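A single chain, nothing else alongside it, follows as structure tokens in the form predicted on its own.
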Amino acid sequence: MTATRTPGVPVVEDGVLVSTSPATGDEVGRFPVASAAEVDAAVARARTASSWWASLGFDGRRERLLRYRSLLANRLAELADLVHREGGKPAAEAVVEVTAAIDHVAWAARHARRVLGPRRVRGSLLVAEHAAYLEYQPYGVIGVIGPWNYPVFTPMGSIAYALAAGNAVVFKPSEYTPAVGQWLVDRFAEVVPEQPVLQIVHGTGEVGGALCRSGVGKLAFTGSTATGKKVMAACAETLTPVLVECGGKDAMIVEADADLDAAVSACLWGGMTNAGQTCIGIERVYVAERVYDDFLGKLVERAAKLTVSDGEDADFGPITMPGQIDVIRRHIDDAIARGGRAVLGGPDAVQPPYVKPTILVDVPEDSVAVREETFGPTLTVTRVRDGDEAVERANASVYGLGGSVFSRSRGMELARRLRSGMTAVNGALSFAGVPSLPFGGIGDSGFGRIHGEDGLREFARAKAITRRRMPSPLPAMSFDRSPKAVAMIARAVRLVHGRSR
């Protein structure tokens, strides 16, 4: 007999993970939960597959990844619908997410050789008889633990780059979006049927822990800071290197010379898209006092028009994880209890499984609504003297993922001063859509980078090689060196490096 289920909450029944819609409770799919032994077996298969995949070379992998890219593009509507049903976000939002992921698959495939290909590098005075070479070798098997909020875009930022670098991948999707993960892996198998280059293992946190301990060459994790620390601890047992992309509490700065209409539009998008369930989403807004009232009025007016439902025309849908609703409610309640005001929404905006747009003002900087990640469609808007004070407040956070600056004259200056891995000037979240830019944060937002050249290098080991090409003119690194040779070495060093310029 099947027990009554909470919509969106994954349950395990007789060793099977059951996924349901957070909006309707309809069942989306069933997937076998992997045991630790099955995770180990998948990694063992991946090691064999990785040798074959690496042997294809950059051109062979490029051709197959571009075919995968084409398949995703041609079946975009199917995938977007699945993302909508399983995660709750509107299909239009899912289309944007999948489109961005496709861009990254193509970029990684096309640029892997240029970034990771073997090359000769400049030698050294000390060992002039040796030629120097640099190449990047794949780790073999990469473990990827993906999130639920962007179940295509985010894991593909690791998967595509790891594959382009020559690795096989074992992917553990979130237990909240297993159907999306399975779809991605099944479609890749249609393009690459020869070997299990991309495999999937389903389950809850125990399966993720097993993947950490399975002997993968490297593990890429995206999720909360608390879980990221557990992943690091598990990987530390075997000194498995990790790439960790965690949460954020991103700030937007609005200077007095900002285009207010553009800033309001970007603020709403950055803070409310995907119901605020975005690691790089705007959660704090610092506005110069000269334009504060105008900005706030425009923001409230536009936010009040946003629609929230499971309908096709909704601006955003339900909160995917029911437990997150308690966090959002706690942050709103604490902000108001501490003297803040809800100029839109507030406690009554929390209507499970939905949370309507909420804008809070006069919220103390030490409240949880300012200090902790909310992950919901809420914004705190704070009056500041100018952009300099805004930077100071924005940087007073343990997180450091992304951010935004709106200013006609000081945008780049303020952006450089923000303590974050990424910043958009006169925009919001835009850096995520540029495949050539690295994606990642600092502090409690994690370390390592996906996307771009840095992302490709994350999934390859730098290998240094020297090759003797002639007899040693000055045998420096040898017991055969003579006092005369040492004197000549010292003289050469003074000639080359002795000048102050």
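Residue numbers here begin at 1 and follow the sequence given. Predicted model only: the values in this text are computed from it and were never measured.
The protein also exists as the form predicted in complex with a small molecule; that form is not presented, and the subsequent description refers to it.
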{"query": "Listed residue (360, 321, 184, 414) with a non-hydrogen atom within 4.5 angstroms of the small molecule in the predicted complex", "finding": "321"}
{"query": "Partner-contacting position among 439, 31, 53, 68 - heavy atom within 4.5 Å of the small molecule in the predicted complex", "finding": "439"}
{"query": "Proximity of residue 248 to the small molecule in the predicted complex, heavy atoms at 4.5 Å", "finding": "yes"}
{"query": "4.5 Å heavy atom contact, residue 154 and the small molecule in the predicted complex", "finding": "yes"}
{"query": "Distance check, residue 383 to the small molecule in the predicted complex, heavy atom within 4.5 Å", "finding": "no"}
{"query": "Partner proximity in the predicted complex: residue 89 to the small molecule, non-hydrogen atom cutoff 4.5 Å", "finding": "no"}
{"query": "Candidate stretches 121-129, 255-263, 69-77, 167-175 - the one whose heavy atoms come within 4.5 Å of the small molecule in the predicted complex", "finding": "167-175"}
{"query": "Contact check for 148, 223 and 373 against the small molecule in the predicted complex, heavy atom at 4.5 Å", "finding": "yes"}
